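In structure tokens, one chain follows: the form predicted on its own.
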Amino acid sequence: MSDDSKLVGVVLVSHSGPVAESVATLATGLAGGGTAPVAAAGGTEGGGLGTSSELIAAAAHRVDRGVGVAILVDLGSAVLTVKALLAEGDELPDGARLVDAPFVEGAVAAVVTASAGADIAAVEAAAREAYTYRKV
């Protein structure tokens, strides 16, 4: 078991619980062995489609190790929900930030970079860089 006590945490927010869980599984699997703490916050508390500020805040606190939490989101209201939580000031751990990145590719880049022990700025930069990945 790896020591993740000083690693940046990553929260993956999707409108769908299964999507958030699947992207978390993909990202941690591609990161290899011991990875940074990752939590999925998908859908509503009742298992429906949507976003839940309570699930997002709980996920952020689960992965917080005191060195930052990168939060990646899928669609519009997920962005708004995280922005509202950040504006509240006390709902998310200190050092939590919304990262503007493609959801899947950014999640993989963020988790791999965080697992290597990078700081929150490097994790954010790696996730954002995923916008430049070309597929064709």
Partner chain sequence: MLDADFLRRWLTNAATAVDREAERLTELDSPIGDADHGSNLQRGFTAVAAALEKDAPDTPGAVLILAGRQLISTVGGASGPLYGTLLRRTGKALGDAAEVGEAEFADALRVGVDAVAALGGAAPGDKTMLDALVPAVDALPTSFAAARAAAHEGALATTPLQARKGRASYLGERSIGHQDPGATSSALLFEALAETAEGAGHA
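Just so it is clear, the model here is predicted, and its values are computed rather than measured. Numbering follows the first chain given and starts at 1.
The protein also exists as the form predicted together with its partner chain; that form is not presented, and the subsequent description refers to it.
Inset, instruction - Look at the stretches 25-33, 102-110, 60-68, 87-95 and give the one with heavy atoms within 4.5 Å of its partner chain in the predicted complex. - result: Within 4.5 Å of the partner lies stretch 87-95.
Inset, instruction - Verify the contact flag for P37: yes if a non-hydrogen atom of it lies within 4.5 Å of a non-hydrogen atom of its partner chain in the predicted complex, no if not. - result: No, P37 is distant from the partner.
Inset, instruction - For the heavy atom contacts within 4.5 Å of its partner chain in the predicted complex, list the residues of 47-67 involved, in sequence order. - result: Counting only heavy atoms within 4.5 Å of its partner chain in the predicted complex, the contacting residues of 47-67 are G50, T51, S53, E54.
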